[in-house]
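First comes one chain, alone, set out as structure tokens in the form predicted on its own.
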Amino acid sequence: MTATAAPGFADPVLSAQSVFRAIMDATARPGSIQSIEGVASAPPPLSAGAAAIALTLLDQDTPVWLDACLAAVPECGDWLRFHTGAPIAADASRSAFAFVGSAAQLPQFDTFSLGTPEYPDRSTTLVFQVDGFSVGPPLALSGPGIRGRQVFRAAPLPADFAERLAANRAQFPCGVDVLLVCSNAVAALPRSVHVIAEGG
């Protein structure tokens, strides 16, 4: 069986519903870690968790952009097109979703669509692969959906990730939304969240 034809969810309806709930819960409670069902057949370096999100959120009307890490492996784009019908966008600013496989290759957020004050929903959602949520530089989160203040970790992240998120928040209601995903869990940092480096 080729990587393209490899199956996605074993139970497409129930699995997609479960992953969608995890994404919604993560977005409602920024910085919380939500378990998701992975897809073992996804071609690397596309992680099982990122593949599960793709199967849940992408369709023929959601152009998706891939960073150089993922775009360098044609099987990743082929798998996404085969299973979701989503067109692969060459221009990041025209993508509804952007999948980032390497922290070192995460473009600046203004590379993507930030939406407009009239249509803030026309922004790009970043799906950013990480190794996990137990290590990494601590980020202090506050804002809607967070009681008081919460410390969040993920790795690997760009060294200036907190600064990027702060600049993104300053553009609210415009800006990108970020989903951080490992093989079996997802966390969300929506544009509404306030983020500073711990101790900053």
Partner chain sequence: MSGPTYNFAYLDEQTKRMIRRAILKAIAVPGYQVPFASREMPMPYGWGTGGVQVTAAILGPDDVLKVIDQGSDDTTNAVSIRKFFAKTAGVRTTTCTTEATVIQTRHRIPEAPLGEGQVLVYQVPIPEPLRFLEPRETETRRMHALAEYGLIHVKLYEDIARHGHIATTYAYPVQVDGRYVMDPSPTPKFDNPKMNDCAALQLFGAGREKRIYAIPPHTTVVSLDFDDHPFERYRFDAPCALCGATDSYLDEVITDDEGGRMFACSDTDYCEKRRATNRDDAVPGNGPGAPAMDAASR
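Residue numbers count along the first chain shown, from 1. All of these numbers come straight from a predicted model, not from anything done at the bench.
There is another form of this protein, the form predicted together with its partner chain, and it is not shown here; the text below is about that form.
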* Taking the shortest heavy atom distance, is residue 120 within 4.5 Å of its partner chain in the predicted bound form? -> yes
* Residue contact check: residue 23 to its partner chain in the predicted bound form, 4.5 Å heavy atom -> yes
* To do: Report yes if any heavy atom of residue 173 sits within 4.5 Å of a heavy atom of its partner chain in the predicted bound form; otherwise report no.
  => yes
* To do: Consider residue 167 of the chain shown here, and say whether it contacts its partner chain in the predicted bound form, taking contact as heavy atoms within 4.5 Å.
  => no
* Of 64, 69, 57, 162, which one comes within 4.5 Å of its partner chain in the predicted bound form, counting heavy atoms only? -> 57
* Region of this chain that lies against its partner chain in the predicted bound form, out of 24 to 32, 43 to 51, 153 to 161, 130 to 138 [heavy atom, 4.5 Å] -> 24 to 32
